[in-house]
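For reference, the chain that follows is the form predicted alone, supplied as structure tokens.
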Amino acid sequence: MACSRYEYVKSYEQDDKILPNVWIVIRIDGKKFHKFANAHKFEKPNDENALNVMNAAGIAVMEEFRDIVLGYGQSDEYSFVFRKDTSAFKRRAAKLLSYVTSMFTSSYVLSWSQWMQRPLSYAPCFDGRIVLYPSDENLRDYLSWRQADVHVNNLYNTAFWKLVLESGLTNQQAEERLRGTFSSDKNELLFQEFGINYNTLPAMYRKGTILLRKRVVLDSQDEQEKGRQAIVPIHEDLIGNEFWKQHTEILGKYVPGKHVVNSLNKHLERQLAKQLEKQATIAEI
């Protein structure tokens, strides 16, 4: 295209290239999601299918960006960790942020009907931010912070909604009942009044969802089989050292590790089997 006298306006664009050799974390958050959840009648305190819509959107983002080494989701938010040396979009912050946010949103909408029985009343909205972490310790602390947030919020919400839905308290009465209580108090309340051992509730509710790129191998396959690469949703504690020892590819050399499954459970059937089928189709072409 020939130059024109108007082209000078490009000089107003600011250079937003991200510093080299830092962890890039993009966090997506739902906007006014309490209203959205109420409008679509999400189950309280947790809606498994709604969480899996979030997970499906997270998987779609990681399939598009192979430089994302880990995704972490809970409630209405998802964090994506890009490896330190990524060159995606020449490390331009605006490009990365807008692409990830828009793709997550569109993928959420496309995945809705696969999990939810109720049609969308209106489109959801997500905002995003970029945060840079210079050290591995900083990154681990960030992810630990997000997982600790899951525990605090979910324990409170579980106790709150039990009081409202089963004990008949109003929202205000439930808030007053829980005001000033500690985790041990809420655990005791759930056990004594509702017979619930909080630690036996689904791990996805208590720990959130971690997405990792793995080579998936079924136990019926040969042990030497490399497996097909897929984004695997797992629900584990990532605050302790054991997680990082087991998944060394996150902070070290980025080579997807092996993930062996005994059988495709109900989560893997829909989140993982589709990816494996896609991989098999590509291999046959």
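In this text, all values refer to a predicted model and were calculated from it rather than measured experimentally. Counting begins at 1, following the sequence as shown.
The form predicted in complex with another copy of the chain is left out here; the points below concern that form.
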inquiry  = Quick one: 10, 123 and 141 and another copy of the chain in the predicted complex, is every residue within 4.5 Å by at least one heavy atom?
reply    = yes
inquiry  = Whether residue 88 contacts another copy of the chain in the predicted complex should be assessed with a 4.5 Å heavy atom distance threshold; does it?
reply    = no
request  = Mark residue 156 yes when one of its heavy atoms lies within 4.5 Å of a heavy atom of another copy of the chain in the predicted complex, and no otherwise.
outcome  = no
inquiry  = Please determine whether residue 110 contacts another copy of the chain in the predicted complex, using a 4.5 Å cut-off between heavy atoms.
reply    = yes
key: residue 31, heavy atom within 4.5 angstroms of another copy of the chain in the predicted complex   = yes
ask   = What stretch, of 126-134, 157-165, 184-192, 207-215, brings heavy atoms to within 4.5 Å of another copy of the chain in the predicted complex?
value = 126-134
Selected contact from 114, 171, 98, 197, since only one has a non-hydrogen atom within 4.5 angstroms of another copy of the chain in the predicted complex = 98
query = Mind listing which residues of 5-29 have a heavy atom within 4.5 Å of another copy of the chain in the predicted complex?
reply = 6, 7, 8, 9, 10, 11, 12, 13, 14, 15, 17, 18, 19, 20, 21, 22, 27
